[in-house]
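So this one's two forms of a single chain, laid out as structure tokens and tagged structure 1 and structure 2.
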Structure 1
Amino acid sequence: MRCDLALLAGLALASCTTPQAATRDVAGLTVARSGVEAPRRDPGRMDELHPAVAERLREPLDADGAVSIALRQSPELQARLAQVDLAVAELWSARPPNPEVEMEALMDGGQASVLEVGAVMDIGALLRMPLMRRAAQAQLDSAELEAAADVLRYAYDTRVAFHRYQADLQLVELYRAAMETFLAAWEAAESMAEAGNLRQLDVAQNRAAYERSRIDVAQAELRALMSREQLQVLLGLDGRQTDWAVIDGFEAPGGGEPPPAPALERTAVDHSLVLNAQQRTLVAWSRRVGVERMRGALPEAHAGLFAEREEGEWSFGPAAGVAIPVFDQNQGAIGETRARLRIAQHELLQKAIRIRSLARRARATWLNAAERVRFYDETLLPARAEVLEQTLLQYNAMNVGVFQLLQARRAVIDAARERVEAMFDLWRASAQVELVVAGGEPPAMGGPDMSGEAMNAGGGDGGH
């Protein structure tokens, strides 16, 4: 009996140790992987600007500044980080069972002639407790890894939203420039019609093209406003902080070409926080299978001490009881846990397939966007500029009319708009490659937009 009591005491003391809630610090993971950090904040003070946020808002934001603000100020990200606390609570709940104390007294003449006292503890639950704690610890590890992946993904979303807003601001300026050319064409057409050198039909066509270009400008301005509001939400700024600005310029990202596809795939799988989290989830479910099997083999087993006082004399002895699993051997819970384990195994395989595919797509998109930007810079834009220059020379020599000159200028503006979209695709692909290398999971990117909206926006040529 002395050995049994020592074992019980050892298990109880071991269960009272502090849970290792910070075995894999989320901030440490994200800083090591990508240099970003998302400090935890008190919900009661989230309506106050973080000092670092207030400092950055005084100057126009760059992409890194926007990410820094989002990771410190966003309530959405803080809610994701708080999910770790649920796993911590589950670990804390794996505690020793409370002892049960019973007392009975037989009264004789107003006094207790016989007093019985018993204290027992569920030994079955106490024996299962270490395995339950190991399962909960594995789930906590998984939650911390998922939280770190959420931080990286949130930083990626913010960076992409920032560059989308930058691109939309440039598109607004280009659409306005196109509108000015349509206005100039309309005014020229009216002047020529008044002189009797142009049909009224041509004037109407040029006016219609100009009016359509005004709609395009309004739509571009609305798109820029929507992009700004999306970034505002990601930054976690409320209605009191809406006067921020972003830096001018939208140049190509630095850095070289991504590594070859096989190497990038290996890096994505080896570094993936999502896969590591799923692996820890597998460990947790496998340990829970053991917990349920132990529960089926030993549903309840109570042990403790029994004391009795009769006629002033105390007597002591052990107390024990066990439930015999004749009918219910916990088959249902064991089967459910095994099924969840199989589900987690299949999900792990599927996530590995998806991450490899995302790595390949990110690299292919980067190469395609980089080639498009290079094509616009080295081939198409210089060609359009040459056409405009030669058209201007011919116009000065009175060999072509004003409409041909304005059409050449619109062609340059259209090519510039297409380049802005290609530049945004390059920034987004670059951010995806960085996220994959850091261990995050980017969203799946679709195929290229073949609608030709950028090429056809602004209406027809309007006449000659």
Structure 2
Amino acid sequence: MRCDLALLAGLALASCTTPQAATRDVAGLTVARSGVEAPRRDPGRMDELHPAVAERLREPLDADGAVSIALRQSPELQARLAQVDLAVAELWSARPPNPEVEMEALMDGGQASVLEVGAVMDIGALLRMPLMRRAAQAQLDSAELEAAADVLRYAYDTRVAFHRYQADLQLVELYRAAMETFLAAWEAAESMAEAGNLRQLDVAQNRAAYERSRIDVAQAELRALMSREQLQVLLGLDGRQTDWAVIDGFEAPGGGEPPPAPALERTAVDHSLVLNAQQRTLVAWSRRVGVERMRGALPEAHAGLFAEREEGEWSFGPAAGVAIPVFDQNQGAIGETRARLRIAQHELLQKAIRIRSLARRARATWLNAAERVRFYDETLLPARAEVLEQTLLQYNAMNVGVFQLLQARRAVIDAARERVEAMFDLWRASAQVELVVAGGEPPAMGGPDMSGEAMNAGGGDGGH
């Protein structure tokens, strides 16, 4: 009997080790996959800027800088990381049951005549403990992997929001330039009317066209403001840090074409944190099935020590009790866990299909956007520039007037504006390719591109 007890105690102690520093693994995972670092921060100290963030904010931001700030400063992301603690808590709950101590006394004239003391433990729970613990560990693994996927996605969302803001700044400039062509036309019309050469109708028409163009500028400015706010939220910056700037220009991303579709799909599946997480969930459920089976075979078993004092004499003896699983073999819980396991298996397959599709979409979008940018750079913009150049020659030949010259200039601006959208699409697709390669999951095409706040703010998916 003694040695049985020792065994039980050993089991219980083994289960008592503290689950610690689980989230270190999240940071390790994201650094390994994409080089991004998302340190956990104490909510009480989030009010202060992370020193690295303060440093970054001094210079105009580039995309990497924005990502690095967001991962250090965003409460939204910290909240997500803190969710891992829930899985850690579950691990805590997989502890050995506490022993029960019973005491009985028979009182006889103010004196206990008979005294019984018993201590028993749920032996069944103790036996299920290692397996339960292993299930909880698998669940924790899954939670960590999902958190790491969310970190990557958050970094992606920040990157996309950054480029959207860059694009919107470009659009403001281009709408302003277009407005200036209308303003020049109006001024020209006024000067000509002053000289007696033009009807007031022409002046009014040119003025109306200019006034209309101001609305375009105002709307573009509002869109830029909105996308700045989206980025502000993703960065996790409060009202004290609103004067940050981004770098000028909006050049094409470096790096070549994404790998061929089969290779990209393979990498995406191999690296996918979501798939990995799902696999760990699968393991967790299969272990829970084992736990419930054990519970079914040994529903209740108690073992302990029993002591009795009668007339000053203590007598000891072991105590044991067991339920015979004649009617209840725990089929309900076993069935539920097995169903959960099957669901998780199907979900794994579905997620693999999805991640492959997302990889293909990211690649196709990249190729399409790159082709469009190239088309603007090599074909349409030069063609419009040639029209402008030839119009200037015709203007020099006094065969067309300033109005037509301005119109040709406007056509160049229009093409440049369309190019900005193509360039944004290219940046986004490029970020998607990087994301799937790192093991993250981009949003499905046509779906919202921004997470959390940003999404609620009516986030731009480039659909201006």
Partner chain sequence: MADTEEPGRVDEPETKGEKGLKRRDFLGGAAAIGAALALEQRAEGQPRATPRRVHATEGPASGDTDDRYRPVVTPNGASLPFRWVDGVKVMHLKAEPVDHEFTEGLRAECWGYNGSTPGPTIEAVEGDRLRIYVTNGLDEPTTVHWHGILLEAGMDGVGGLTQRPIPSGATFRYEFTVGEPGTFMYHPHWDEMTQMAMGMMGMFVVHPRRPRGFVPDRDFAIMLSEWNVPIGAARPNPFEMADFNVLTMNSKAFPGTDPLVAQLGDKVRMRFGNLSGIDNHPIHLHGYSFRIAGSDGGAFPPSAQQPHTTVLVPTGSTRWVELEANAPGDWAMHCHMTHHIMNQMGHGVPNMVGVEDQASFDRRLRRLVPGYMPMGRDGMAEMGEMEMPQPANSIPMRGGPGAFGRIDMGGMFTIFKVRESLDSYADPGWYEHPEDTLARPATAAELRADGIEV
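By convention here, residues take numbers in order along the sequence of structure 1, the first being 1. Note that the rigid core is defined as the largest set of C-alphas that superpose within 1.5 Å between two forms. None of the values given here were measured: they were computed from a predicted structure.
The form predicted on its own is structure 1, not structure 2. Relative to the superposed core, residue 373 undergoes a Cα shift smaller than 2 Å between structures 1 and 2.
Once both forms are fitted on their rigid core, the CA atom of residue 192 lies 2 Å or more apart between structures 1 and 2.
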